[in-house]
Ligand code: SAM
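A single chain comes next, written as structure tokens; it is the form predicted on its own.
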């Protein structure tokens, strides 16, 4: 049974697992958390352990998953994050281990993460302006993230991918500046459409900006060419500007959704499978920990709950209205 891969009801092969290791964060970005002052910094007793993650990943590999991404919250707040990476890296069959971070702690941790087996990082960076960055993150320091990016490059955690959530009226005036970062640095600057997680419909309607705006600006800067090939088996479509060293990535879960080719499952920090980002359905894996066959059953149960891509709205406004999840993005792992 373990030799059979994970294929959902709609014939999508699952080979990518996103593991949230905490819903705590040292920032409190308004589109990710609940409200000002609700950023959680203390460890939760519900967080899975190093051994729990090792078990989950061993079963995942047996079922055909070979790509693991660690997320949060801010995963580097886990004091045992190096041990988690080391445990996962020791599993035969995993091709890639990556991590999404806000970069604030990377300056001091990048080398240890790389030594433990981490291959690359995605770093959230929604503004290149100190003041704007502070407002979006509700108190963050841009300099800390920029130092983290520099250290990640030096540690060989490449390609370094910068995740920019598009926010109309907040950071859309910085799109060209972000695009120009790719001219002289081997960075993948990825623009991501804002999603209405955690019931943020009102905020989302005010600040949603379609990915087409990035294309318009990029084409005005320099000739743009699509880049084919594998870039981490994620949903981003990559382009390069003529003369640029790096790449531009476009991720459009709303205006040009990619549900038909979705290849991932998510596990929340409190041990729930999240089969689809847009649905409220979850499967509790905790009762299966310590029992390999039961954990396999939980994986297969989660796969059956994935949404029908044919029933997903193509219009961005309608798509946003289909979002049923109640968790905030910091509780899902993005």
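Residue numbers count along the first chain shown, from 1. Here the structure is a predicted model, which means the values were calculated and not measured.
Beyond the structure shown, there is the form predicted in complex with the named molecule, which is absent from this document and is the topic of what follows.
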{"property": "Partner-contacting position among 133, 239, 194, 178 - heavy atom within 4.5 Å of the named molecule in the predicted bound form", "result": "194"}
{"property": "Sole residue of 252, 98, 127, 200 within 4.5 Å of the named molecule in the predicted bound form, by heavy atom", "result": "200"}
{"property": "Contact segment among 47 to 55, 268 to 276, 299 to 307, 66 to 74, judged by heavy atoms lying within 4.5 Å of the named molecule in the predicted bound form", "result": "66 to 74"}
{"property": "Any non-hydrogen atom of residue 329 within 4.5 angstroms of the named molecule in the predicted bound form", "result": "yes"}
{"property": "Close approach of residue 14 to the named molecule in the predicted bound form, 4.5 Å, heavy atom", "result": "no"}
{"property": "Partner contact for residue 165 in the predicted bound form: the named molecule, 4.5 angstroms, heavy atom", "result": "yes"}
{"property": "Interface membership of residue 102, the named molecule in the predicted bound form, 4.5 Å heavy atom rule", "result": "yes"}
